[in-house]
Structure formats: C-alpha cells, structure tokens
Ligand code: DP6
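Just the one chain here, laid out as structure tokens, in the form predicted alone.
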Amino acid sequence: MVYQATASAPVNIACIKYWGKRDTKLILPTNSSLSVTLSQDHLRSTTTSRADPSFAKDRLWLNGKEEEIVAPGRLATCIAELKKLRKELVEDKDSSAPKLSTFPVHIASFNNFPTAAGLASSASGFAALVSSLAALYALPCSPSTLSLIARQGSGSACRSLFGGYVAWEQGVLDDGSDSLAVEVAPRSHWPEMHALICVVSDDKKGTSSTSGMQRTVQTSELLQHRIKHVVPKRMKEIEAAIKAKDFDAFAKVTMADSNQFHAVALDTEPPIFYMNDVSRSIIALIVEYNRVAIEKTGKRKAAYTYDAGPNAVIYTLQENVKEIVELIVKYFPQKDGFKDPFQLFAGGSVGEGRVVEGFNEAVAKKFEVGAVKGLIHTNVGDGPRVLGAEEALLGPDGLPKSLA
C-alpha cells in the first residue's frame, strides 16, 4: 500500500492585521484578525505527504529544496501534532487501522508565487501541509480544529483553513485551545469581491514578520492602544460590513487598519519600514480614486491594504476592477502586460492605462517600467482542496518529482 495524500491551500490577506504574539511558542496573537481568502486558481501552495515505514526519518522539500525539520521547530511541531491526532482519533479507536502515526513521512510542497515577499506564502504553505497530512491520516476534524495546528506553524495559516471571509479569534486561554479560525461568511455570500495584487518587490524582506512583531510588542506604546481599544471595535465593524455586503464600510475599516499597522511598525524601536515610495504612491492613487467615487456616488470603490512588505493588495468589487487596472497601469507601466484571467479587456490589452473623469493626475508621478513588477488579479476563493493522485509532488521513490 502507498499511503499518500495531496492538498492545496489558499493565500489569505488580512483586513484587520495580526501583529504581535502573547506566546511565541504556541503563536498566540495579541489581537484578533480577519482576512479574505483568495482564489487558489491564481495563488496557492500544494503539498503531498506520504507515510512509509521504509523511510529513515521525516523529510520536507519546499519548492524542490530540502528544509531541515528540527524539534521543537514549527515544522516538527505541526507534524508531531497531526501524528498525535492520528493515533488518538483513528488508531486508538480502530485496532485494524494502519499505524501511520509511527511511520516517518516525506512531504513535498510547492508555492506558485514568490516565497517571503509579503504574499503570505507561509500561511498557505502551513495550511497546505496540515490539510495534506489530515487527508493522509483520515482525521475526522473540523477546519477550526485543524487551524489550531496550522497556527503553530504560521499564525496567519490558521485563516487559510477556510474559504471566504475568516476571523482568527485571539482567545484568552494559556494553552491556546480557543485561539482558532472561524468562518465569518463563505465565498458564496459575497462572490463579487476581487483583489488586485501589485507586486512591488519579490525580494526577501529585510525584517521578517517574526522578528519585527516581537520588537513591536516590546517597544511600541501605540500597539498597546491598538490591542485594547482599536481592534475589538474594528472586528465588529468589518464583520458587520461583510455580512451586509457593505463595501464602503469594508473599505474604510480595511484601509484604516492597514495604516495603523504600518504606524505601529514605525512606532517600533528601531522603526520598521515595510512600504516604499511605490507603495505610498499606490495609496495616493486609491485615495484620489475614492475621492472621485465619493463625489459621484457617496461611496468608496477600492480599499488598499499592506502586510509586512511593500506589495499592495487592492480590494474592490468586480464591476470596478477594469478602472483600477487602467489606473495602476497608467502610473506603473508593465513590461510584460497585464494577465487578464477574467477577460475584462478586449484582446487582453490594457494599453497605456487611463484615469477616471475628475481624477487629479498630479497626486502621484508616473514611474518607470518595472516599479510594479507585476499585477495579479484574483478574487475571493475557497478553502483547502484534497487533490487527485495525478497532482502528487512525490514520485514512486518517495522523493520530489522535481529531483528525479
């Protein structure tokens, strides 16, 4: 018998940011957060796991390169927790079940987007790892239960265990058993939500999220105010906006929280700068675009948000995507053109871009080709998927196919 399973998991981009841990080992956050799950048709991590008694030890390859699994590191913790669940929930209850929890595992994972570039690769990666092992072990667990394990790999990974709109409840218990992800609304509730990702840099970050947030917890007074007073109110506001499908309210809260997250980074000692001039120019464009929209309709039409990096994610409803792509391309010409998966443009060509009527073109300068290296257009998506054997990343010998 070959005991193997393959799963994919999505990227999620937070609207209410997670920044700061109250327990670094269990990855317990200082505040709750909320995100939108993006479509796996465009951004995903895929993982294949195989258990075999002939393997010498647990091994993992990420994008073809072997990563060391060392206890008590995050990879080792997630694998151990899932083996423990396999024993408790399956093998201890059914004596005929194969003792997969005792077998070493080989795991191969692949991201179809740049790692460590502020595009939440660790979130989708650990969610895919947990989903793959859960399928391999036939665990009778809810996504919220699995999110408790994914959280110990990467905090925001717990939110990638669901599709749609997802909250990570910070919890209050010291053991972390109430710090988990829950669905706020499924993808089907508000499918018109789209996202345009402006890839400003695909370089590895100068300050990692892990070290950056711990410095913030230790030194930022603004963070303490955010934790106690700001986030609880915003969580209620954005959940209400999602349930009411009120994009104007959603946009207002999303942009305010992104701004405050980066203010908290700046309030850290020494200060942390995740955005650059290109990032700030994109903000200026969206602010002006919204000003025109409010004048005409009384409502915002776009929301920018930035995680710990310079890349912009612009949320908008499907009906506005074409205008926003044209706006971004006018100020940030594209070397390779815009990939148009939703067929917004005839022949897939944006041309030189343009602004909407009444737009003040002086709010930002036009940048050289390459300032925004690429545009990724996607929409709200589903949660982890269990894939067929034809999509497996491991070959017959239990090693990654890419190494064969």
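Computed from a predicted model, the values in this text were never measured in an experiment. A residue's number is simply how far along the shown sequence it sits, counting from 1.
Another form exists, predicted together with the named molecule; not displayed. Remarks below refer to it.
*Asks:* Each of S45, F162 and D382 having a non-hydrogen atom within 4.5 Å of the named molecule in the predicted complex: is that the case here?
*Replies:* Checking in the predicted complex: none of S45, F162 and D382 is within 4.5 Å of the named molecule.
*Asks:* So which of T316, S209, S258, T268 gets a non-hydrogen atom within 4.5 Å of the named molecule in the predicted complex?
*Replies:* Exactly one listed residue reaches within 4.5 Å, namely S209.
*Asks:* Which residue among R74, R215, K252, K330 has a heavy atom within 4.5 angstroms of the named molecule in the predicted complex?
*Replies:* Flagged contact: R74.
*Asks:* In terms of non-hydrogen atoms within 4.5 angstroms, which of the given stretches 236 to 244, 305 to 313, 276 to 284, 130 to 138 touches the named molecule in the predicted complex?
*Replies:* After filtering at 4.5 Å, what remains is 305 to 313.
*Asks:* In the predicted complex, does S154 have a heavy atom within 4.5 Å of the named molecule?
*Replies:* Yes.
*Asks:* Heavy atoms within 4.5 Å of the named molecule in the predicted complex: does L394 have any?
*Replies:* No - in the predicted complex, heavy atoms of L394 and the named molecule never come within 4.5 Å of each other.
*Asks:* Using 4.5 Å between non-hydrogen atoms, is A51 touching the named molecule in the predicted complex?
*Replies:* It does not: once the named molecule is placed as it appears in the predicted complex, A51 has no heavy atom within 4.5 Å of it.
*Asks:* Taking the named molecule as it sits in the predicted complex, is S220 near enough to touch it, meaning that at least one heavy atom pair lies within 4.5 angstroms?
*Replies:* S220 lies outside the contact set for the named molecule.
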